[in-house]
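There is one chain below, alone, in structure tokens, taken in the form predicted alone.
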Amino acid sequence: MKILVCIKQVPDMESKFKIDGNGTWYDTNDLAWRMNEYDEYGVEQAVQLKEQMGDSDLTVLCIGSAQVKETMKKALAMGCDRGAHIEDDAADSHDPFEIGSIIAEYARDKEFDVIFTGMQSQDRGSGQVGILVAEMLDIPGVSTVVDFSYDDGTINVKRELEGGIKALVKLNTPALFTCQLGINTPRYPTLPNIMKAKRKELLTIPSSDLLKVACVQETSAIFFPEKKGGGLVLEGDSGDVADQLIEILKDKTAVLA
């Protein structure tokens, strides 16, 4: 079985973000970087499937500058066999359609049986890339997967719907799945596997070799939400607080009008 898992390097969400000079993305200087959390679950699911199948081959793909290789090494240490680094110093400027087309172009002639992505990235959060890849490759795509099982060519997955409802979907390979948080518990790479990862193949391909489409959407501005006024803390005994609250409701709302 041939498996592909796609990951993205994103800033640590605890970082202090600033808007860049163009006002269309965040300033990438002085940020700590990590693997997108949703993608960690995708990597773990891909490795579990590889381990189940035994005779299988697992590739991890990431688009970005040379910096993303450090994040790819974690995926290799988790159990991926090789890395495909799509080198692009302007990856952040590409819309989901362009990113999806790059991945699809890479995968088109490689006959992957199963492709995993995260449900969305923590920075852009579009949730579009995985499903776009499936559409471009003309294979089934299932989003927001929270449970996955494979048996003799048939895949059964549960996908998360609104209100806590789950849908059971059965399909055959080839297929693509976007992984939701909680589908599994991502493993921590062990020291021996970290050392082995350094010797695994990490092929770099210029994105210009794969990008065959133009963007279809453009970010016009990015900004922090406006700060709203703080809450009012009422102090005193319960009777006084109740009287204060009644006066505020009369003055500020029509609840007691």
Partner chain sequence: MKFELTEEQNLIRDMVRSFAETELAPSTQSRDEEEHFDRELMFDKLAELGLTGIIFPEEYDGAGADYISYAIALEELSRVCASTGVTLAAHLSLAANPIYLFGTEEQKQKYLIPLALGEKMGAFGLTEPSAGSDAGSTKMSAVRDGDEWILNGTKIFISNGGEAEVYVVFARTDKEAEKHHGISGFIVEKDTPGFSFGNKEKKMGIRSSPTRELVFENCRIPAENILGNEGQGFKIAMETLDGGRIAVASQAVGIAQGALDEAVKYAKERKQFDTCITRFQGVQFQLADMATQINAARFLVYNAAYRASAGLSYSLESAMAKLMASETAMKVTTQAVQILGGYGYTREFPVERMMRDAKITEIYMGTSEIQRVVIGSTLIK
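Fair warning: this is a prediction, and the values are worked out from it, not measured in the lab. Residue numbers count along the first chain shown, from 1.
What comes next is about the form predicted together with the partner chain, which does not appear here.
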Just to confirm, with a 4.5 Å cut-off on non-hydrogen atoms, which of 53, 205, 194, 215 contacts the partner chain in the predicted bound form? 194
Give me the residue from 37, 70, 209, 57 that has a heavy atom within 4.5 Å of the partner chain in the predicted bound form. 70
Answer for residue 189 alone: is it within 4.5 Å of the partner chain in the predicted bound form, judged on heavy atom distances? yes
Using the partner position in the predicted bound form, report whether residue 159 sits within 4.5 Å of the partner chain, counting heavy atoms only. no
Interface membership of residue 227, the partner chain in the predicted bound form, 4.5 Å heavy atom rule: no
Heavy atom to heavy atom, is residue 124 within 4.5 Å of the partner chain in the predicted bound form? no
Counting any heavy atom within 4.5 Å as contact, can you tell me which stretch out of 23-31, 196-204, 215-223, 41-49 lines the partner chain in the predicted bound form? 196-204
